[in-house]
Ligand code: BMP
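Given next, in structure tokens, is a single chain: the form predicted on its own.
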Amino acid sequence: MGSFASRLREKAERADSRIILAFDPAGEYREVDRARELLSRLSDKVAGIKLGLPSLLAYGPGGVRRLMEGIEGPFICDLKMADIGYVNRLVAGEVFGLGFEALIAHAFIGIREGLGEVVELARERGKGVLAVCAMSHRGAEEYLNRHYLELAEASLSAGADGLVLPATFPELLKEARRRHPEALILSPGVGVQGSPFGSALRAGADFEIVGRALVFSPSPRERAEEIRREMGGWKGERSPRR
């Protein structure tokens, strides 16, 4: 079966893509059938698909199962979990039971009785955990992003499968990659948030998380192909840094 990171990279190779699609229901996509149609059209153009709390609230657990059924992921649940380990473990169990292959949790909660319990459950289930160590909005500079290196080190030491670090702060990506050359890194903040497609990859990320630029495009498949070309396809190397 392999680790989540290996499964994600295998899908990336098949799709020849470094895109992680971030889908949230809005407009016509509040209807689960329309959302399924979109994800079906894009699944072979992306390395993975990320769903967050808006999808769980809009569709409910049954609707989310229906949304994912028959569509190739891997699917990542982005709740940015930030509670005590006991609660996070309960939530993670429900998330994995819905069919998600990985989840995203905040690293700032700490390892003991925090992130560690989520990682432990993921290992038991053959699932993945991605740890948020910095965020892409400007307010993140006030507190969170000041500690990204400590959070990255702790997360990887705890057994997290990868890190989430922002394209909008490329210096953070560069330093994290320098210190952790083998780490899996996913990066939001490209497209609508302002960073050019491919910029996070050049700074050290493995994948770029793309949401609104694809979801609200009048031609999502064509736009996905354009973005893929801008990023560069998956050639097996960690990232096309230059």
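A residue's number is simply how far along the shown sequence it sits, counting from 1. Quick caveat: nothing in here was measured; it's all calculated off a predicted structure.
Not on display, but discussed next: the form predicted together with 6-hydroxyuridine-5'-phosphate.
In the model of the complex, at least one heavy atom of Gln193 sits within 4.5 Å of a heavy atom of 6-hydroxyuridine-5'-phosphate. At least one heavy atom of Met135 is located within 4.5 Å of 6-hydroxyuridine-5'-phosphate in the model of the complex. Contact check for Arg212: a heavy atom falls within 4.5 Å of 6-hydroxyuridine-5'-phosphate in the model of the complex. In the model of the complex, Ala12 stays away from 6-hydroxyuridine-5'-phosphate, with no heavy atom inside 4.5 Å. Looking at 6-hydroxyuridine-5'-phosphate in the model of the complex, residues Ala22, Lys80 and Pro188 each place a heavy atom within 4.5 Å of it. Contact with 6-hydroxyuridine-5'-phosphate, judged by heavy atoms within 4.5 Å in the model of the complex, is confined among 127-135, 155-163, 108-116, 86-94 to 127-135. Contacts to 6-hydroxyuridine-5'-phosphate in the model of the complex (heavy atom within 4.5 Å) from stretch 46-74: Lys50 only.
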